[in-house]
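The chain below stands alone and is given as structure tokens, in the form predicted on its own.
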């Protein structure tokens, strides 16, 4: 075992020594670690921690990354880049956990990168006793792009393949994962990355894993009221806001990936319901039962009636039996069930000055800003655009990731179903490979059903 650790660490250090004057050259000292998994297995890995990924560091407590190499990894091993961004707040570099995808990735032989990145609460002292907030949009995203560039810049010096980077995040982190996957190498971000002193490399990734992404922020309030209008106390006000979403949706010109049919406000409801019934059908197929009160309609069938023979008994046709195939759902009934599990967000759900999103688009003094409507400045509108992957997926200047794994729980009310459905549909329309689902009875959470996720990852290679 001692011989292995020597073979793993020394070649990396020797290669790093060839560029000792380059501050972005990987030369971290590795430390042998172990992680005890829930199945009783022990994963051995080397940890490289506290690595600076930009030269112009504004927040030394946050702008670092940790990199982990499992025993047996090679320079062709995929790299899982797991961000722990939540609520668009800052996130510090962490150690891998047996409870989420980071530990499982090491167990599966993937290298793991866990970076820190600034967020809407990041602040540093300016030397005059004043706090300056440095992580407002899009600086947190720029930090993560700089991490990807660091990995690609040091690809030959580090274990794992920077051509096989798979991003992973949940909620706002799911949005960051989607942004990393959708906006790669776009010139919109270049001035900021240059200012930060990011490595001179590309920032495209191979695949993006997005759990319940809180994204498409400039249309999120419309989408929320469109979906939940009949569950609101002020139904008329909700319908008025929801009507604006219908106009936006029609402008997207999305198509049903299975039929090629143009999706409009007239048929979109049925398209969305098809994803919910697919979720219900998987749940039933795995042995679950769905109460009639949830609003799902199931196909029925009649048991065969024995043929009548002269002189024999006459049989009455048996009662129909509900099959395990959901064919429809009463959406209002189902959404009422969702709301009964967790109350809806206030109105507006996102563009209210108490929300993390308004704080995200605030200024360096941490004064939150409304980010929708005609009063937004040109600079603010540009910042909002830079935080929305929907604008970049079909932009030829962006190098969108070819592979996507997107999950939004069927009980998740933190944003509306159409936000995730539209993201997945647009990607499919643009020819990307997308594994998308609304997992049954899941609320706002991530890194679940890891068997499914890592089966998908293995199939990529």
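Numbering follows the first chain given and starts at 1. This one's a predicted model, so the numbers in the text were calculated from it and none came from an experiment.
Unshown form predicted in complex with a small molecule; subsequent notes refer to it.
Peer 1: Sort through 225, 357, 203, 168 and report the residue having a heavy atom within 4.5 Å of the small molecule in the predicted complex.
Peer 2: Partner contact (heavy atom, 4.5 Å) among the options: 357.
Peer 1: If you check 295, 257, 87, 348 against the small molecule in the predicted complex, which one has a heavy atom within 4.5 Å?
Peer 2: Among 295, 257, 87, 348, a heavy atom within 4.5 Å of the small molecule in the predicted complex occurs only for 87.
Peer 1: If you check in the predicted complex, do 25, 149 and 199 all have a non-hydrogen atom within 4.5 Å of the small molecule?
Peer 2: Verified in the predicted complex; spot residues all out of contact, no.
Peer 1: At 4.5 Å between heavy atoms, only one of the stretches 95-103, 169-177, 265-273, 246-254 reaches the small molecule in the predicted complex; which one is it?
Peer 2: Result of the contact check: 169-177.
Peer 1: Taking 4.5 angstroms as the cut-off for heavy atoms, does residue 414 touch the small molecule in the predicted complex?
Peer 2: It does: once the small molecule is placed as it appears in the predicted complex, residue 414 has a heavy atom within 4.5 Å of it.
Peer 1: Taking the small molecule as it sits in the predicted complex, is residue 214 near enough to touch it, meaning that at least one heavy atom pair lies within 4.5 angstroms?
Peer 2: Looking in the predicted complex, residue contacts with the small molecule include residue 214, since a heavy atom lies within 4.5 Å.
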